[in-house]
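What follows is a single chain, given as structure tokens, in the form predicted alone.
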């Protein structure tokens, strides 16, 4: 479309607005999912935060409402390893929204640190179940609601979905990155590309973000030498701050990114460039 009148071009404030839209953020009270929930609330969206830990989720949503008094926010429980729990969640979302959903964010995760030597079948299966199978199930259950509003899907992948961990960085099993995690996140990246194709007839966009090193504060305190190695690994020479994921999430989930689908946006300090 050509705009002959500059005044008819959408303004950035409108392109980045989420007023009148509803977002479901699975894992939305966690380290990175929480920042995405805050970003959506700041832009005026109605935010539904879903988590396995219902108590923490409720506390998070209370804080969200205090920070953004005019925003409607909900806390719901979900176990993404359970199809029944996912179906219940989406039924509740449909009741809240009156049918339809604008944004689905998949940011749930749980697992153990492992090396290739230490990982068990149980650990492997758990990571694949949570990080890949649970994402697939949630998206499949949400598609009928997303179709109603030509919504979009954002899934949190990882730099380890497309590059390998450097074994030299890890000095103990406690902080090691397990092979199951990267395998699942690689699956998420490919699933995103697949969905961008096969859901496009319904006007649904699908993208993912691959965060770089965003270690928990507890890890930063417990192993500063490890954190220093993480920081030195990428061109920006530092680890990520959780709020630095907000801009990428907002771009992909607002009209500012309306012509972006099937993309894996790396927010990693340049980790993968060398």
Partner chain sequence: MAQLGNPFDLTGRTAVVTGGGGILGRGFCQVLAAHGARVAVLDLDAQAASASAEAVREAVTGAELLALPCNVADPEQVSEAVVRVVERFGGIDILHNNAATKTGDLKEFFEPLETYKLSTWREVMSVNIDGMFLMAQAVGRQMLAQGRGGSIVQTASIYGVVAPDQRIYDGSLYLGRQINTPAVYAASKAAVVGLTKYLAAYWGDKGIRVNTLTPGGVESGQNDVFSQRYSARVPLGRMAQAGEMESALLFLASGASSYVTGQNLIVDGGLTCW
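Residue numbers count along the first chain shown, from 1. The model shown is predicted, which means the values in this text are computed figures rather than measured ones.
Below: the form predicted in complex with the partner chain, not depicted.
Checking 186, 128, 163, 96 against the partner chain in the predicted bound form, a heavy atom within 4.5 Å turns up for just one residue: 163. 233 is the sole member of 205, 52, 246, 233 with a non-hydrogen atom within 4.5 Å of the partner chain in the predicted bound form. Shown alone, this chain has one stretch from 39 to 47, 56 to 64, 205 to 213, 225 to 233 that lies within 4.5 Å of the partner chain in the predicted bound form by heavy atoms: 225 to 233. In the predicted bound form, 272, 273, 274 are the residues of 244 to 274 with at least one heavy atom within 4.5 Å of the partner chain, listed from first to last.
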